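Just one chain follows, in the form predicted alone, and it is written as structure tokens.
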Amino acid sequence: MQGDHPTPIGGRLRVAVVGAGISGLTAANELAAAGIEVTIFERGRGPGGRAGRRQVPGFEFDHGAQYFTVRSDAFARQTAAWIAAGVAAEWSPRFATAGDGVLRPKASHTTRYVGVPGMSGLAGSLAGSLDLRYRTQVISATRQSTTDITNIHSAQSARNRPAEWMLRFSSENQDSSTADTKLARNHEQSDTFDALLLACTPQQGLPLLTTTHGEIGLAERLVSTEPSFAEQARAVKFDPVWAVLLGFTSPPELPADAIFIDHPALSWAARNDSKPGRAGDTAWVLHATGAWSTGREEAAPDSIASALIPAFEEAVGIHVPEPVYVAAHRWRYARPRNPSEETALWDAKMKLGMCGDWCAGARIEGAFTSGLAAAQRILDSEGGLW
């Protein structure tokens, strides 16, 4: 997946990537292969984003992305590499459709894959030896002018030119045993970079951008393209999705492992332990519809589970035994309603980019494709970064 790109003269370029999902990690790998110094900031405890995995005693859940398919040659090569590394495998579940209390077998000729031992295995493989800052919250990203810079990174000083972006961030102390979040966080830190790539949703990334006078969220004033970079990003709207995780010692008697559901509240259900490489007892994941989840973003997780378990019973037409583990997880920005027509956004003058599956389709492959496109645009930027 690595192309031939020139090596910067007079010191390595530094690029900050915000977000360690599939898109951000893909872009970071491409940039690192071109000789660029990349630092990834991730507020979570590990990589993956919505390609995540939750482990609790006795059960494992892919509570976000459920599987992936392959369409492009580039992603086929990446998938082959994942399979060879043992972090992906083909998944051939018993498919069904459900609605109005009727469960019907469904034939499928599409090849589907999953991460091993969970969907997060894909991101873990991409993370490799990259400089990843987990549990690190970016507070702001300030676009700088030459006169505003007072603390230039030594490598940038060696090149005798200013950095473009200063990031302020706070990192959680991973060794701390305290439950007090304020005590568990280190003091605020900052660092400077030549370019910034926001590998997250516009709603999460754009508010981080500030002017040199500390005015937060003024993204439109920080973009040079027409139509505005920020306007293109903000035009993409998202549906939230609630996921309910159910662990059983006495599992439901269902002749299916993956169910496409036609119900006002539910769209999908999958038996996680039917996937290769999974351990633990029977684990089901239910995904609510975006329409049902909208307006319930701040609902208590217990109330979500209490509503969606009966909806599942109603859709498939069986009584679900009492689960021994129940949890609900909200994905606030789960599915783009109107994905961007661009595979990635890049403003060469501002040295600012954005990527994610909201640019290239709400799929694992979409995230991968967007990450590749973002890296290529940075490397092919007119006039270059150096």
Ligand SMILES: Cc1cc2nc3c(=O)[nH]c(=O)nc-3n(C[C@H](O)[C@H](O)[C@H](O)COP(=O)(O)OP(=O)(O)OC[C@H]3O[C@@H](n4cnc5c(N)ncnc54)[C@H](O)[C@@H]3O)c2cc1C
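Keep in mind that what you see is a predicted model, and the values were worked out from it rather than measured. From 1 onward, residues are counted along the sequence shown.
Just so you know, the form predicted together with this ligand exists too; it's not on screen, but the next bit is about it.
Contact annotation: His287 falls within 4.5 Å of this ligand in the predicted complex, judged by heavy atom distances.
Although the partner is absent here, Gln204 sits close enough that one of its heavy atoms falls within 4.5 Å of this ligand in the predicted complex. Put simply, Lys351 is far from this ligand in the predicted complex: not one heavy atom of it is within 4.5 Å. The closest heavy atom approach of Gln232 to this ligand in the predicted complex falls outside 4.5 Å. Screening 308-316, 101-109, 135-143, 245-253 for residues having heavy atoms within 4.5 Å of this ligand in the predicted complex returns a single hit, 135-143. Along 320-336, residues Trp331, Ala334, Arg335 each place a heavy atom within 4.5 Å of this ligand in the predicted complex.
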